[in-house]
Every structure is written in structure tokens, then in C-alpha cells.
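First, one chain by itself: the form predicted alone, in C-alpha cells.
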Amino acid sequence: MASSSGNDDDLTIPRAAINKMIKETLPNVRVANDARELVVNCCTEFIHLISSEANEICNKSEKKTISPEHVINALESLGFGSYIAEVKDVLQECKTVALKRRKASSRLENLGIPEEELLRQQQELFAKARQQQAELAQQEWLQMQQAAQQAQLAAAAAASASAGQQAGSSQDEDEEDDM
């Protein structure tokens, strides 16, 4: 086997995935660890074999992307023609699942609300947000005005008190002069 070179950089199928498949396929059978490792290596080698052949077929047809047809042709040329019917069924199933996933991801389709209604609701929300923002800005402006008025009153009171103290101290000085 070409991939069993002992190099840790070799790509393999995750062991957990293989273990799960073994348990689902053979629920009442115990499988030794070295047998599980052999299954992982065989699966990896099979994938390398099929993908390499599919790549060659793809290159011969002057394409840059391996398509499902290239994989099916690779299976046939490598002598795995008996798997082609099942592969085509799985391919169709995958396409169906992918189509359902694309449809499910479209939120507009899931809501069942016409696009015009969604746009109207969006505009309403924007208008409501602008109104709330304007009210908040108005409240902040009023608070700043009140704070400025209080600061002016405090400054005026301080000036008045300071003027009163100066007037009182000048009267005390006049009284001392009279004595």
C-alpha cells in the first residue's frame, strides 16, 4: 500500500468516523484495534486510488475540476463497476440534501412573507429607531441645558456671596476706622 509509509503527514480518515461506521454496520460484533486500523488504511488507500484515477480522467478530458462523472468513470476503469449504481444513488441523495439545505438557508422563503412586506416592516423599524434616537438626543440636550443653567445659578450665587462678603468686610473696616 502506497500510503502505509509510516509518515505521520499521510492523510487518513478520522478513526472516530470509521469506528462509528463499523458499529452501525456490525452492531453486535467486536472488532480488534488492529483490524480497525487496517480498515482505516484500506479506506484511505481506496480513496487515494479512486481520486488519483479520477484526476487522470479529469486531466485527459482537459478539465480542471474533478466531477462526479470522473469519479464514476474511475470506478469503472479500476474494476469497481458493481458499485456504480449505488454511487449514483448516493450522488442523487447528496444533491437532494444540498438542495434542501440551500432552500432552508433562505430566510425569505422560510418566513412566507412577501418581500414587499418585509421591506415595509424594515422601513417601519428604521423610522422607529430614528424617532427613538431623536428623542434621546432631545433628552440629552435638555439635560445639558439644565446643567448649564444650574452652573450659571451656582456661579451667580457664588459671585453674590463673594460680593456680600466683600461688602461686609469693608463695613467692618469702616467701623474699625471710626474707633
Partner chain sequence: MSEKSVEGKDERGVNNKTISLPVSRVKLIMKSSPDVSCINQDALFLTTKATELFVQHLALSSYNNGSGKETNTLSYSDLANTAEETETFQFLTDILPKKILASDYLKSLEQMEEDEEN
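Numbering follows the first chain given and starts at 1. It should be emphasised that the depicted structure is a prediction, and the values quoted were computed from it without experimental measurement.
If you look for the form predicted in complex with its partner chain, you will not find it shown, but the lines that follow are about it.
J.: Considering its partner chain in the predicted complex, find the one stretch among 112-120, 38-46, 150-158, 136-144 with heavy atoms no farther than 4.5 Å from it.
T.: Of the options given, it is 38-46.
J.: Does any part of residue 103 reach within 4.5 Å of its partner chain in the predicted complex? Heavy atoms only, please.
T.: Residue-level check for residue 103: no, no contact with its partner chain.
J.: Is residue 164 a contact residue for its partner chain in the predicted complex, using a 4.5 Å heavy atom cut-off?
T.: Outside the cut-off, so no.
J.: Taking any heavy atom pair closer than or equal to 4.5 Å as contact, tell me whether residue 124 reaches its partner chain in the predicted complex.
T.: Answer no; every heavy atom of residue 124 is more than 4.5 Å from its partner chain in the predicted complex.
J.: Check whether residue 32 has any heavy atom within 4.5 Å of a heavy atom of its partner chain in the predicted complex, and answer yes or no.
T.: Yes, contact at 4.5 Å.
J.: Where, within 64-79, is there a heavy atom within 4.5 Å of its partner chain in the predicted complex? Residue list please.
T.: Sequence-ordered list: 64, 65, 66, 67, 68, 71, 72, 75, 78, 79.
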